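For reference, the chain that follows is the form predicted on its own, supplied as structure tokens.
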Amino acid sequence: MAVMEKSDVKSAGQEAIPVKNPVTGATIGSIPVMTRDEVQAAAQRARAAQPAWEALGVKERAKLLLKWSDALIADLENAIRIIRSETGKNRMGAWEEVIVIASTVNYYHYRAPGILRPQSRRPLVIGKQKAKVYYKPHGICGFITPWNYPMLNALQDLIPALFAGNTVLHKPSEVTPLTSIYAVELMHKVGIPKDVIQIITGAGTTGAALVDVVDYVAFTGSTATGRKIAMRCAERLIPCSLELGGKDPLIVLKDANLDLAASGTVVGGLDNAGQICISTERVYVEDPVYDQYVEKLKYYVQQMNIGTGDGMFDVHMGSMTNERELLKVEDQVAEAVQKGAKLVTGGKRRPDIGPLFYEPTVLTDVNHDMKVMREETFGPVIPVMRVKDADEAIRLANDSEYGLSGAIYTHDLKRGEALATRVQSGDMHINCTQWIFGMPSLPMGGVKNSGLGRRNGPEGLLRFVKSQSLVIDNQLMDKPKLTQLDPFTMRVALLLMKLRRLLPRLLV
């Protein structure tokens, strides 16, 4: 089960988009640009398949998805190869994608039946009425997913939608579609019906067509595109969730273990060549430890091995994935230096390794007038700024249009937790970075221009259902009437209002 090198899934006569290996520049496949009519036809098949998929029940759906996860782990080496072939990332990064997806399936396999079980609620008239909430799938969920984590960012959202009983149309990035094609073909192989989950290939016009035919949209990508999708969903009166840009801060307090803080910054800022929505993109360090921290950061960055090798632990960073992001990195670094920033290490391409390799880069003497401190970078650059104290660090961390993730390094865990709650972001880490991605029990998402909605946890599953409330009346002591209440029911309702003040745990 594999998407092989030089694979070609375009149809005769269709416009095709080539898929390239960013390390070698070689074309490794191509995908068709599906037309609006083809997307509409896929939606019709998905809508026809959805009732049977829903009727299967969450436990049976969970069995199939767990079977797929087991098959994915059994084919781990092939999955890693495909991910790396179209992203250029190192082996560890590809391995993490597969393992996190398997963990997500495992979490929902055990939790989804309980989360989606019908709930009993307190009725108005106890003894006469029952109140229940049922959870129903939206119908067809559409996913438009990015290139930086072609398995993790696509399937971590898509999996709970399938658990919830929706059918799925998935449009992966045209830069890295082969991973999604591989994963979905493996789903079909283990018994998930082909019309339950379908791949939609193409570029922006294909994504726009998808938004017009589904009942829910989940998008991961840029804030500009996310805003357009939200506007179209509002016009159609359908729900959406958006995980958008980030400019995630990391704060180093003066009591932090500086070796752990510096090496943690390296992981947070340079993992996957910085091409992560929750990548550390701004560092604020308290003045008393600033110089010492910068020296340690420089030391650990210079220990990094960047390259194309297959080692799990000895290749720390691979290639960037596309030229557009590399050009943005170069522009931000050049502008910062021109405005007075100091280039501590890195700052140039490495064509001797591959066309899209860029050295891990550290900048100091930065400020918020520079693009590198305000605009999303999405590359291997760590800008470091000196601050007077924690209050200034929090103020600057919140001085951004984004609010996705962040981190604080400190010896005082209680104070770190208190400070973390003051940061305007969807999640925070204390003495680590990026672990939110590997914890399927925790909701993850942004505030401000970083998006709407949450993935993972009960919240990430419940966004793919709509609630239906039931009021069931047993007609106890009822008589025909022409008003909602009769004298007896009115007296009971008033009595219950008083009792609820005295016995809220039992009656509310």
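Residue numbers here begin at 1 and follow the sequence given. On a predicted model such as this, the values are computed, not experimentally measured, just so you know.
Heads up, the form predicted in complex with adenosine-5'-diphosphate isn't pictured, but that's what we're talking about next.
Site residues G269, V333 and T345 are none of them in contact with adenosine-5'-diphosphate in the predicted complex, judged by any heavy atom within 4.5 Å. Interface residue among T377, T145, S319, N166 relative to adenosine-5'-diphosphate in the predicted complex, by the heavy atom within 4.5 Å criterion: T145. For the options S400, S241, N153, S173, the residue carrying a heavy atom within 4.5 angstroms of adenosine-5'-diphosphate in the predicted complex is S173. adenosine-5'-diphosphate is not drawn, but in the predicted complex it has a heavy atom within 4.5 Å of G221. Proximity of G309 to adenosine-5'-diphosphate in the predicted complex falls outside the 4.5 Å heavy atom cutoff. In the predicted complex, adenosine-5'-diphosphate sits within 4.5 Å of a heavy atom belonging to R324. The closest non-hydrogen atom of K254 lies beyond 4.5 Å of adenosine-5'-diphosphate in the predicted complex.
Residues of just one listed stretch (277-285, 221-229, 363-371, 77-85) have heavy atoms within 4.5 Å of adenosine-5'-diphosphate in the predicted complex: 221-229.
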